[in-house]
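Encoded as structure tokens, the following chain is the form predicted alone, with no partner shown.
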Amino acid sequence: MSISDSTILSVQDVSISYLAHRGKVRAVSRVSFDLHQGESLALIGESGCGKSTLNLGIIRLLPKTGRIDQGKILYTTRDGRVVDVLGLSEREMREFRWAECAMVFQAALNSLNPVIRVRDMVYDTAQAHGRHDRVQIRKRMLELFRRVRLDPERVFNAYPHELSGGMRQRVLLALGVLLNPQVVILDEPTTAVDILTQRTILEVLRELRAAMGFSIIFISHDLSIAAEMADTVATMYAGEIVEIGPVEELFYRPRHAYTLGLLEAVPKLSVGAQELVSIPGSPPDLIEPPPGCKFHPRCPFVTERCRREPPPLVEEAPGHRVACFESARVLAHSQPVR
């Protein structure tokens, strides 16, 4: 197995499903992408499109009803070895999580144990990965709390309920990078916080990434955050990546009708009062998805070919891939988003 020298994580043709009473829910379908050293990749799309499922699959924390049906998840270790995450044993996966690939979950309060102090969670996390020197663990954690703009001593000895939502989110960020992972996955890192706290979290993320050099995969419904934080943006729809490319290329020259619809639904400050344009219809049933392109029932550019044939994900500009037969029409219709 070999991948690009700068590639830390290579997701190849991964499909994930859930067992439901009505049948198999195809939550993720044949997703492929590469994450490079120091890169920030944003996954955008409506709720239920498979973003969180994909990331839970990467660290193999799917619920009992979920399973990875096919594909490879290749990770490059610090010594240059390439390992398939799906082939690791449970013991190896416990070492992989947080030491190599950490995930910061969306619900900060639910992710912290309410009945023990933050310091005990820190020690438990470190000891689970063979770090038993409490003096060094405490020293590193206090330094990380300073980096994320928290009062180190107070937070280290606090219970979660003694901290605000923004503080708990920053505790999770610091805890996530405690073991110096190469990849950090962030699920809606600014959800349920006010605009000033959101700005603080984004600045902290940027500073941590610059200082520690880790790569980021983050999920966001907020396109402005994706535009600000990401190097690469991937649009997911109905379990598939339908467009992926450099952030400026995708935001200014979208080539898939769904990406264009998401961008047109964003309020713009540069114009006067206007009616927001929403995407008609609803996401498809993932147990019985429509034939052809899954977006065709909602697409203003649909043709008969779209209804019959699923479009492949092909490169149409350097680093910019799209799964759309009518990408030229979409590109001609798109306007720069200011």
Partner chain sequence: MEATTSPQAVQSGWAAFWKATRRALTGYTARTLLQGLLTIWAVMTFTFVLIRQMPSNPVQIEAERIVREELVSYEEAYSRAASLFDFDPNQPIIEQYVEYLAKLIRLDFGQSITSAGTPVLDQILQYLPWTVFSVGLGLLISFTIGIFVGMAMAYWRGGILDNVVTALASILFGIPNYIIALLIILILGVQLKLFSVAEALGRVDPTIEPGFTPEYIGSVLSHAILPVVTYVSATVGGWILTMKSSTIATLGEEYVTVAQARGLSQWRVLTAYVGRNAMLPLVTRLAISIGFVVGGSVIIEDIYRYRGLGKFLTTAIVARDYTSMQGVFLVIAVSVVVANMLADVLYGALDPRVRVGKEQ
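Please read all numbers here as calculations on a predicted model, not as lab measurements. Residue numbers count along the first chain shown, from 1.
There is another form of the same protein, the form predicted in complex with the partner chain; it is not shown, and what comes next is about it.
- Under a 4.5 angstroms non-hydrogen atom cutoff, the partner chain in the predicted complex has N110 among its neighbouring residues.
- Although the partner is absent from this view, I68 stays clear of the partner chain in the predicted complex, with no non-hydrogen atom inside 4.5 angstroms.
- Not displayed here, the partner chain is approached by D124 to within 4.5 Å at the level of heavy atoms in the predicted complex.
- Put simply, H129 is close to the partner chain in the predicted complex: some heavy atom of it is within 4.5 Å.
- Here the chain stands alone, but in the predicted complex its contact with the partner chain, taken as any heavy atom within 4.5 Å, falls in 97-105 among 228-236, 80-88, 97-105, 248-256.
- When the partner chain is considered in the predicted complex, only one residue from V302, L56, L313, I279 comes within 4.5 Å through any heavy atom, namely L56.
- For the options V115, L196, A210, V135, the one in contact with the partner chain in the predicted complex, meaning a heavy atom within 4.5 Å, is V115.
- If you check the partner chain in the predicted complex, you find a heavy atom from every one of K64, Y159 and L175 within 4.5 Å.
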